[in-house]
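Take a look at this single chain in structure tokens; it is the form predicted alone.
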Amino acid sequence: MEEVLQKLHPLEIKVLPYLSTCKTAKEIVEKAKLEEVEVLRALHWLQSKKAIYLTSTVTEFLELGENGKAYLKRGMPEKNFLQKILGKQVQIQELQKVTGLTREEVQVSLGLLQHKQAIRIQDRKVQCTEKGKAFLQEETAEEKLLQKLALRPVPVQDLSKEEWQTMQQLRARKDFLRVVAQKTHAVEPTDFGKALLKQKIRVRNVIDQLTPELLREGKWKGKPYRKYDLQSKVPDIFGGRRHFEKEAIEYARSIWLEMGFREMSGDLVHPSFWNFDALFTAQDHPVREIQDTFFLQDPRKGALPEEKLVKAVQEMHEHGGKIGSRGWGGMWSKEEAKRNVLRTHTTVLSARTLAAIGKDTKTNLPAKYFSMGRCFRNEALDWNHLFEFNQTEGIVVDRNANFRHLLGYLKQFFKKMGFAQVRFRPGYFPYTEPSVEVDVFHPTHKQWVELGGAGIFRPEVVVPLLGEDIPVLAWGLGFARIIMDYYKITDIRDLYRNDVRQLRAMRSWLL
């Protein structure tokens, strides 16, 4: 008891005396002459000390909107409409002028009155029917509800079945009605709270906040201090932050930079030459068909690089160049290579970077590059596939590089991403040989999960771009699958839901 007394905040002390007579927070606000936020704060603190039971109830009230108040005074627009055309045949295009209503009011009135058979439209002329005349004389359900709400807001749960249906109709009309939620807080002392009430408690002259003045002038010395209750619930605060996937991407970027890599960047749109041909993907390969790729209509084609590079790639495709390869055979088409495409992988950046390095290999080697970028593929959207996704790409260009170096880079990256166990299996990819699939061990499911592919670029890729056969270690990893387990996401689409509640609740990337 004594420990709790020492932790009581001045607001709690002011509220305590009213707990024996007041049943709601609203009553305490009125009697204690405090602000509602002060009373609620004190009640939540007392609840955490197990001194009260605090129950919150939300009740929805129906009240008039601005248009509801206006039409209650000057009459419903549909009745004003009828009154103005009574005994007349009015052309539809003249209705706004004749009735004095707005265009929106005329359109709403036409729909409502036609439904009630209160008007007849013939040869684009509108006239009032006998049912319309009767409608003018009766008090409608809409008018009755508006008049009821003019007296006071009404709990939605208290509406009759007819009033409920009328409410639904009126809510479809602009600002006729509003539903306002009101929260009621019921308060009841616990046995411990009743014991507190018997104590003679008063607001004490204690220090509950250190200020620069107290510290500077030494006034804090020898003064009593209020004990802080570290168990009290505090309001949830959601600070500004990046999207959680962006946080993970920035972390991955820092890993590559720490390992001495430079970042590659480039456009989302490239000619097929860079996206496919430079990577030795045959021009009749199914991956280049519209089923797998997003091609642009405008501009449909882009520019090719210098003729020397284009010719080297063409010769490699048609007959394997001068490296002993057989190539793909057939005729290689420049026009096909010009077709613009949304990049299907960030490897297009690796191809462009290799071509830039190839202009002066003596100066530019050795080199290590990475990229973090968005890719696009014409995939069916489901829990495991997206048509737009992020990929992390990397290349190491070094005459002394070998396969073991490749495995070492990947092990280090995945270790820093939170995967202690990594294994490699032989794999196949069109532009690397040898190639491996990269698996990591899932600590929860106790099984191996595939997260990417890697290998050494084939000479058919390297020689046209660099001018000679130099080892190029390469990898491309789908980033979403790497981070899904950390964020406890089982459906890959949840990465991009843009649900504010999800964004607030998602843990920060801390490794």
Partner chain sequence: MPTVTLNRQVVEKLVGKRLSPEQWKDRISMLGTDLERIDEKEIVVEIFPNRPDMLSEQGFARALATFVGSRRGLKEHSTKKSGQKVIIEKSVETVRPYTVTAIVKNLHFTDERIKEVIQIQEKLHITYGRRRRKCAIGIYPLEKISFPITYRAKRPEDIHFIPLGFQEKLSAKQILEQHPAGKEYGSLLNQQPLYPIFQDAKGEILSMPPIINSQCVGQVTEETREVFIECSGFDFAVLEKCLHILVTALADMGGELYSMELQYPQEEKSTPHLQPTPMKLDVAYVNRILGLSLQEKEVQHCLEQMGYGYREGSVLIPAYRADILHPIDLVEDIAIAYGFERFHEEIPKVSTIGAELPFERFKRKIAELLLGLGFLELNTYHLIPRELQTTKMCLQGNPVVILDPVSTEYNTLRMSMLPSLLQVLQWNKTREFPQKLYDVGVVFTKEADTETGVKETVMLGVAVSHSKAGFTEMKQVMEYFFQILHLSYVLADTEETGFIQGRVGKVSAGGREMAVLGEVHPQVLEQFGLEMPVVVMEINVESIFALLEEQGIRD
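Residue numbers count along the first chain shown, from 1. In this text the structure is predicted, and so the values were computed from the model without any measurement.
Another form, the form predicted in complex with its partner chain, is not on view; read the next lines as being about it.
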Three residues, Arg242, Pro426 and Tyr496; all within 4.5 Å of its partner chain in the model of the complex via heavy atoms? yes
Here the chain appears without its partner; judged in the model of the complex, the stretch of 265-273, 73-81, 86-94, 134-142 with heavy atoms within 4.5 Å of its partner chain is 265-273
### Query
Might Gly321 be said to contact its partner chain in the model of the complex, defining contact as any heavy atom within 4.5 Å?
no
*Does its partner chain come within 4.5 Å of any heavy atom of Glu130 in the model of the complex?*
no
With the partner left out of view, is Ile119 within 4.5 angstroms of its partner chain in the model of the complex by any non-hydrogen atom? no
So, Gly100 and its partner chain: in the model of the complex, are they within 4.5 Å at any heavy atom pair? no
Only hit among Leu197, Ala312, Leu407, Ala355 for heavy atom within 4.5 Å of its partner chain in the model of the complex is Leu407
Residue within 4.5 Å of its partner chain in the model of the complex by heavy atom, from Gln107, Ser160, Gln182, Asn378, is Asn378
